[in-house]
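One chain comes next, on its own, written out as structure tokens in the form predicted alone.
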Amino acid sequence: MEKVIIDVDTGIDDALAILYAVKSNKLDILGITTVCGNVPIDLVTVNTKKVLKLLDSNIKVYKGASQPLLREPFYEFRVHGDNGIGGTLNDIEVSSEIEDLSAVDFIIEKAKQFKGELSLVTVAPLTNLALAIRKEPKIVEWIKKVVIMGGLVSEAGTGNTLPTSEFNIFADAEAAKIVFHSGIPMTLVSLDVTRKGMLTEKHIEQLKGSPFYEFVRDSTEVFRTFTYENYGENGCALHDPLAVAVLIDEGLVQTKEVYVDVETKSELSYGQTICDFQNLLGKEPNMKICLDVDHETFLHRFIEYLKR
């Protein structure tokens, strides 16, 4: 099985991504790293532990960066609720103790231990990975690949933070720029495709009988309400679970190798992922982008995995 570290800022869809990854039974999850993003780092770490306890999983959690490289944190409580996971799992108690290794050092250690075998799925701001690259530049040669949930490449004006920017990249664009230019093989799973796999009430009802039915139903309510009030759709985009799904089976998406950079200077478009489709910059491609997704197959797998 693919050896993987999942980097999260849990977050409703991060929680669903963890469920998908564990219940797929297709990944050797070495650990989960947390980073400041949707909510503050301490809450991210607690939420991640709660989701793993819901799964009855002994996967370890490694606490990471508490703020972006340069800017102030930007949180999304309006999407994820006051506790980051839609007000759920308040009855689950977890230890406040953290692992001796930081997220950054854990990434470096496992990349060195499993040279050429370790993949990362980052469904959060890229601060941890950028810091790991800075601390040990050799990991860019050791990591097999990175699947990144982030960005917007062909639907300018439909961002979810600024008109041209997606949250994970916007939350730490400087970190994203470091990762994008690192030379690690990577696939960008952007809003262009993640919004095509909306989890609706009809899908959720198919989870009846699953131990995760109530959690999925209740945790996504605030997300689904936000989506309806702002975009007119009563559903929850499975941004982060799709990134995990692409790592497991890239055949779910159509990809193209292109050069992508990140805007870090403009107030109007900070965090924009600029995709050079026509090679106007004359640079070699640095990643695969996703152009389309078989969302029906993905949603079917999401439901089936969680019903196991």
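From a predicted model like this one, the values you see are computed outputs, not experimental measurements. Just count from 1 along the sequence shown to find any residue number.
In what follows, reference is made to the form predicted together with beta-D-ribofuranose, a form of this protein that is not presented.
Novice: Please identify, from 96-104, 110-118, 198-206, 164-172, the stretch that has a heavy atom within 4.5 Å of beta-D-ribofuranose in the predicted complex.
Specialist: Correct option: 164-172.
Novice: Would you confirm whether the three residues 178, 258 and 288 all fall within 4.5 Å of beta-D-ribofuranose in the predicted complex, going by non-hydrogen atoms?
Specialist: Checking in the predicted complex: none of 178, 258 and 288 is within 4.5 Å of beta-D-ribofuranose.
Novice: Can residue 38 be called a contact residue for beta-D-ribofuranose in the predicted complex at 4.5 Å between heavy atoms?
Specialist: It does: once beta-D-ribofuranose is placed as it appears in the predicted complex, residue 38 has a heavy atom within 4.5 Å of it.
Novice: Hey, in the predicted complex, does residue 191 get a heavy atom within 4.5 angstroms of beta-D-ribofuranose?
Specialist: Heavy-atom contact with beta-D-ribofuranose at 4.5 Å: present for residue 191.
Novice: In the predicted complex, does residue 123 have a heavy atom within 4.5 Å of beta-D-ribofuranose?
Specialist: Looking in the predicted complex, residue contacts with beta-D-ribofuranose include residue 123, since a heavy atom lies within 4.5 Å.
Novice: Taking heavy atoms and a 4.5 Å cut-off, does residue 160 contact beta-D-ribofuranose in the predicted complex?
Specialist: It does: once beta-D-ribofuranose is placed as it appears in the predicted complex, residue 160 has a heavy atom within 4.5 Å of it.
Novice: Quick check on this chain: which one of 143, 132, 149, 152 has a heavy atom within 4.5 Å of beta-D-ribofuranose in the predicted complex?
Specialist: The residue from 143, 132, 149, 152 that makes the contact is 149.
Novice: What are the residues of 11-25, in order along the chain, with a heavy atom within 4.5 Å of beta-D-ribofuranose in the predicted complex?
Specialist: Counting only heavy atoms within 4.5 Å of beta-D-ribofuranose in the predicted complex, the contacting residues of 11-25 are 13, 14.
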